[in-house]
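Just the one chain here, the form predicted alone, laid out as structure tokens.
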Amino acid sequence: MKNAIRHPKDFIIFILCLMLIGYSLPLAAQSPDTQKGLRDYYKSYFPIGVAVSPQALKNKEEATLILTQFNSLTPENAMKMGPIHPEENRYNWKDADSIVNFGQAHHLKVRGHNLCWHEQTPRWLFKDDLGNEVTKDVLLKRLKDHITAVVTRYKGKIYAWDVVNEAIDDDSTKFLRNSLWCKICGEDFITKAFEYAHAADPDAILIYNDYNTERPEKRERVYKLLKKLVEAKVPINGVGIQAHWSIYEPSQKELVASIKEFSSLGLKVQITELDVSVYPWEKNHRALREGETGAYTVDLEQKQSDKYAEVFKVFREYRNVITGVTFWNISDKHTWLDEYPVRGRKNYPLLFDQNLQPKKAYWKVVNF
């Protein structure tokens, strides 16, 4: 080495080389961070999950993203009553099994979604052989058989279940949704669903799941239901805040109020179906209007990033009661909000773009 340095110019070049090597080492040391995912940033806070289909798990790029970023899975549709139990004496386990098996193979938590809902429910549940509406006893027996079969199959593999989904009415003047469950069984179907699930897996976390729970008028009715269940010693452990939000709502004050009110009952909170739409909430389906482009503008990107930063700040502040955050779909490549409720309009509600790359909102969520 000494003989290699024969001129001051050579010495300068040598020092520059050392400096380059020295500066490259920290960069090399940081290279594993390029593989650091949401689950790593939030390791000391709560699991970070994602809703998936069996098809997504077969896609190499999406599967890689899932395994890099998340440590919990929720079947988007595969465990809903219609897909998994289409006929009284037939269960379709294939898709649900594939998701649970993927989770087991890669040491991911799995949430079950869902055991009782008014939608994606097969018609046979509510009808007898003559096509007449069944009695309360018959319907509760069918509910028990369904919940027992599904929960028992995945006992020890699914750590939490959305037991009853969306039982509160959208009409602020009413309490429970006037579904066939409620029409035939009254409120008892809710209590019984939790009891059946607990009997099938006493160790599973059992959750009531609903949307718009941050809006004060609905929050109070959800609280009323939860309070009744807790006081009746029904085996309920938590409440799921679906979190189908937008850049316009909820406010930080509304979100905090919901978390505090629900957790005051001794229930844990899970954010179960998170996405942040770049459009205001609409109820009715429609076509694109004249002048609407559906473009993901710089302004929308910034507002979405700010909203994600705001809600995750709240999540972190309430880590003592929040036991999971799950995104509803993997990336903007495909989301349930595409074409809904506006035909021909793409939505961009998630942290990864259509090419599975982190968006600006992603970095706002992980840089804290």
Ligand code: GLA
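One rule holds for the numbers: they count along the sequence shown, beginning at 1. This one's a predicted model, so the numbers in the text were calculated from it and none came from an experiment.
FYI, the form predicted together with the ligand isn't displayed, but the following is about it.
- Remark: of stretches 72-80, 144-152, 85-93, 199-207, the one touching the ligand in the predicted bound form is 72-80 (heavy atom within 4.5 Å).
- A heavy atom within 4.5 Å of the ligand in the predicted bound form is found for exactly one of Y296, W117, Y159, Y223: W117.
- When you look in the predicted bound form, the only residue of E166, E187, E261, E195 with a non-hydrogen atom within 4.5 Å of the ligand is E166.
- By the criterion of a heavy atom within 4.5 Å, K109 is excluded from the residues contacting the ligand in the predicted bound form.
- Though the partner is left out of this view, W336 does reach within 4.5 Å of the ligand in the predicted bound form, counting heavy atoms only.
- Taking the partner from elsewhere, E273 is found to have a heavy atom lying within 4.5 Å of the ligand in the predicted bound form.
- Proximity of W328 to the ligand in the predicted bound form: non-hydrogen atoms within 4.5 Å are present.
- The partner is not shown here, but in the predicted bound form the stretch 242-275 reaches within 4.5 angstroms of the ligand through a heavy atom at Q242, H244, E273.
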